[in-house]
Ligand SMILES: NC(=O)c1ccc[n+]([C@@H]2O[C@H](COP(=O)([O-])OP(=O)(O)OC[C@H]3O[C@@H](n4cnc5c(N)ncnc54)[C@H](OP(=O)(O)O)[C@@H]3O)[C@@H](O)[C@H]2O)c1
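Take a look at this single chain in structure tokens; it is the form predicted alone.
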């Protein structure tokens, strides 16, 4: 039976006397650090670059080098990008680990695919928020909280779960419920969403946009109706709050009938098989090896994919629509 942890399962007293360092003060690390600080955790930020140090200090944090932070910490929270983390771990973290320390990851990717292999004398835990960085802080301040996944991969001390749940509570990760899953499941679910659901949604929206443009609908109206109005994102917010079927039932009757009566038209065994293939690539480590190779090669394939997409007329029309609506575009940033 799946276990879901909530605030009452975490005891902040477990962290009394423990020195916690958080490595990485980016879009995810910063809001989690602020939550930890507000919960009274004895926190130090380990930074690799001067801008991060200045930002952390402007937030009232103590910021030191990664090596200094790791040497003096009982708990080490790793908030670096998955691609960067293995090298930083190898050069600045691993040599300074000692018995009794706890490593906490926000993504299970590097452990699952063995880009990082912690020594047997440390605890290894996972607190993986299912929310983007800014929302982590916003949902805590609003009292809603955010969902998360939690796990323990290695319990050398026998106290790993107590520390994981205490930290999760301090981060606000138990407020909306933290689901216990394995490291492997977290990695595979995260990659499956990125590689199966998002591409399918991307294809649906671009196919719909191209069809409407070919039929003579104004680009500004087509893009606005499909997603720029925010109506679609609001609908997905309702799905997150109430579930998919319950949200459908909340729509006007005409919308309910139109959606549910046409579901079978879009049932395609090929789509299911494509998702199965994608999951197999994730589970077999094929994707992890493919991405590691391209990242080491300067992301040449990734840039080629983007180049091919930018050449499509569809995106030129979308850009024009964004400008007409007064929205910020990549060219403005």
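Residue numbers count along the first chain shown, from 1. Note that the coordinates shown come from a computational prediction; the quantities given were computed from them, not determined experimentally.
A second form of this protein, the form predicted in complex with the ligand, is not displayed here; the remarks below concern that form.
Select from the listed residues 48, 283, 289, 37 the one whose heavy atoms reach within 4.5 Å of the ligand in the model of the complex.
-> Of the candidates 48, 283, 289, 37, 48 is the one lying within 4.5 Å of the ligand in the model of the complex.
Could you work out which of 205, 251, 197, 84 is the residue within 4.5 angstroms of the ligand in the model of the complex, going by heavy atoms?
-> Flagged contact: 84.
Give a yes/no on whether residue 151 approaches the ligand to within 4.5 Å in the model of the complex, heavy atoms considered.
-> Although the ligand is absent here, residue 151 would stay clear of it in the model of the complex, with no heavy atoms inside 4.5 Å.
Considering only heavy atoms, tell me if residue 97 and the ligand come within 4.5 Å of each other in the model of the complex.
-> Although the ligand is absent here, residue 97 would stay clear of it in the model of the complex, with no heavy atoms inside 4.5 Å.
Please run the contact check for residue 101 against the ligand in the model of the complex: heavy atoms, 4.5 angstroms, yes or no?
-> No.
Is residue 145 close enough to the ligand in the model of the complex to count, meaning some heavy atom within 4.5 Å?
-> Answer no; every heavy atom of residue 145 is more than 4.5 Å from the ligand in the model of the complex.
Name the stretch, out of 105 to 113, 69 to 77, 257 to 265, 236 to 244, where some heavy atom lies within 4.5 Å of the ligand in the model of the complex.
-> Heavy-atom contact with the partner occurs in 105 to 113.
Taking the ligand as it sits in the model of the complex, which residues of 99 to 138 have a non-hydrogen atom within 4.5 Å of it? Please list them.
-> Stretch hits, in order: 106, 107, 129, 131, 132, 133.
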